[in-house]
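Only one chain is given next, in structure tokens, and it is the form predicted on its own.
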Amino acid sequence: MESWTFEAIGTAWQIDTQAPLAPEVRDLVADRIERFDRDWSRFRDDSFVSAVAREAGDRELPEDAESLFDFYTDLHEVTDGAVNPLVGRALSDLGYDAGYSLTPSATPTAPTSWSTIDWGGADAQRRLRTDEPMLIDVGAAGKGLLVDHVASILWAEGLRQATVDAGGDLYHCGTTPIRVALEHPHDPTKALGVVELEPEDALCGSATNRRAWGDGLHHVLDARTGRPTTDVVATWVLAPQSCMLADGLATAHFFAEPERLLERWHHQFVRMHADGRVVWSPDLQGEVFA
């Protein structure tokens, strides 16, 4: 396999293919990532997200907002409001801001409920209408969606044997399964388990130690309080044909009971609690060393 590695949207990417990617395919991938970043980054001044954060108003939504916001609506409902893309202001107040100060500047508060935001219904033109500036953060599912976009480009270019890895968010487009280790959240030299990723499967993990910058400060916030969650420390989700689904559910597993999530979405999961307890799907395609 040939590997193309690069940095984008603040994380390391690796795309494995049977043969080196042609320059024009690399350009397509780079352009799609740039457009996504220009829409959804809260770390650049020219993004859609930054415009919404500066001033209230009525704005046309980015091209992929419908699928992303629809999914956030479902996640918001099933977690009783814990997952909410308006949590960006609380993240910034805690120090995970556009300048990466990593220094809290204010006491975080719960954001406006996502269910009150006007961005159009099924039969309406999809536009975002806000009465006040709001800081959107799509980190709970956005990177997974971008991986789906990149995988779609490879598929459209006829690359049927490929794996896209964006900082641990994986989409496997290959013809044979691959085995992936689950990094232990307390010791990166160890694996908590291993799963088998079938063709057209996605795997995403989230852990409170991945973006931690102070005592009890990390990026997984409970939007009901605006503060970092404490009960669950790591999650992994394996889902068919959608890295966005796997990514969003990996976040949802910090807040909702597995049974509730499994009733709505077909997926497999592993999650580790702060007390060291590990639970996982009975049908998990793999093994947990616990």
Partner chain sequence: MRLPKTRQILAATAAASALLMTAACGSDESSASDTASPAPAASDASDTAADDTAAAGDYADGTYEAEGSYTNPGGQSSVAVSLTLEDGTVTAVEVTPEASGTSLQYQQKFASGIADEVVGKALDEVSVSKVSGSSLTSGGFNAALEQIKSEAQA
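Positions refer to the first chain, counted from 1. Computed from a predicted structure; not experimentally measured.
Keep in mind that the form predicted in complex with its partner chain is missing from the display, and what follows is about it.
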Practice problem: Could you tell me if all three of 16, 180 and 269 have a heavy atom no more than 4.5 Å from its partner chain in the predicted bound form? | Solution: yes
Self-check item: Interface membership of residue 87, its partner chain in the predicted bound form, 4.5 Å heavy atom rule
Solution: no
Quiz prompt | Non-hydrogen atom contact residue 209 with its partner chain in the predicted bound form at 4.5 angstroms | solution = yes
Quiz item: So, in the predicted bound form, is residue 20 in contact with its partner chain at a 4.5 angstroms heavy atom limit?
Solution: no
Practice problem: Answer yes if any heavy atom of residue 188 is within 4.5 Å of a heavy atom of its partner chain in the predicted bound form; otherwise answer no. | Solution: yes
Practice problem: Using a 4.5 Å heavy atom cut-off, indicate which stretch of 151-159, 68-76, 106-114, 166-174 touches its partner chain in the predicted bound form. | Solution: 166-174
Practice problem: Pull the contact list for 215-240: residues with a heavy atom within 4.5 Å of its partner chain in the predicted bound form, in sequence order. | Solution: 236
